[in-house]
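First, one chain by itself in structure tokens, the form predicted on its own.
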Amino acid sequence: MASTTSSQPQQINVADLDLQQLSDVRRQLEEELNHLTNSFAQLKQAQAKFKSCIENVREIKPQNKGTTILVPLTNSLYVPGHLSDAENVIVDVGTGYYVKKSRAQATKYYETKVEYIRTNLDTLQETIQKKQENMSYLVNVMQAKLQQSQTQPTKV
């Protein structure tokens, strides 16, 4: 019969590890923290983009119908255009697909996206906090081991 403990991660007391192993664990934690903080920054950027979309949709008003506007083709390229339909907008729903929605539907869509990202950011923030606490504990253990090795008399 196969062991069932292989499906769960084995916990090891870091105080039982030697300095080289602690150094390896620290490097791994640093990489994980780096990845998580990069992901956090990217999610924040996406959230800001969706909030900007909400503001853009709110700027479109029926009284602006027929006015000349700048239409973004890319982040840095805009072309002049005329606002012919002030009741509906085209929403980028991802992977090159666009959907026509009313202004209210578009606002609700973007608000839902902002809220979804916010919950992910909260979860990610908690994970980052735990990893930082683990890193702090690990550094303390490493410092204690270094002090202990320096105070022990060398054997001749």
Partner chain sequence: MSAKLVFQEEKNPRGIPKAPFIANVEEYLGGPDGAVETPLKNFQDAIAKYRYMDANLTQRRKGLEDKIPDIRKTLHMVEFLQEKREDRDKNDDLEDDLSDEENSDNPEKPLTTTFELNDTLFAEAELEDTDTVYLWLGANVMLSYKLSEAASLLRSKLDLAEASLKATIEDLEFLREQLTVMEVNTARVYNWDVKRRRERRLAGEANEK
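Note that this is a predicted model, so its numbers are computed, not measured. For the two forms, the rigid core is made up of the largest set of C-alpha atoms that agree within 1.5 Å on superposition. Residue numbers count along the first chain shown, from 1.
What comes next is about the form predicted in complex with its partner chain, which is not displayed.
Note on contacts: among Leu33, Leu121, Ile69, Val114, the single residue with a heavy atom within 4.5 Å of its partner chain in the predicted complex is Ile69.
Of the listed positions (Gln125, Ser39, Gln105, Asn56), a single one reaches within 4.5 angstroms of its partner chain by any non-hydrogen atom in the predicted complex, namely Asn56.
In the predicted complex, at least one heavy atom of Ile60 sits within 4.5 Å of a heavy atom of its partner chain. Remark: Leu43 does not count among the residues lining its partner chain in the predicted complex, judged by a heavy atom distance of 4.5 Å or less. Under a 4.5 angstroms non-hydrogen atom cutoff, its partner chain in the predicted complex has Ser52 among its neighbouring residues. In the predicted complex, at least one heavy atom of Lys100 sits within 4.5 Å of its partner chain. Taken together, the three residues Glu133, Met135 and Ser149 all stay farther than 4.5 Å from its partner chain in the predicted complex, as judged by their closest heavy atom. Applying a 4.5 Å heavy atom cutoff to its partner chain in the predicted complex picks out Ile69, Leu70, Val71, Pro72, Leu73, Thr74, Asn75, Ser76, Leu77, Tyr78, Val79, Pro80, Gly81, His82, Leu83, Ser84, Asp85, Val89, Ile90, Val91, Asp92, Tyr98, Lys100 from 69-108, in order along the sequence. In this overlay on the rigid core, Leu70 has a C-alpha that sits 2 Å or more away from its partner position between this form and the one not shown.
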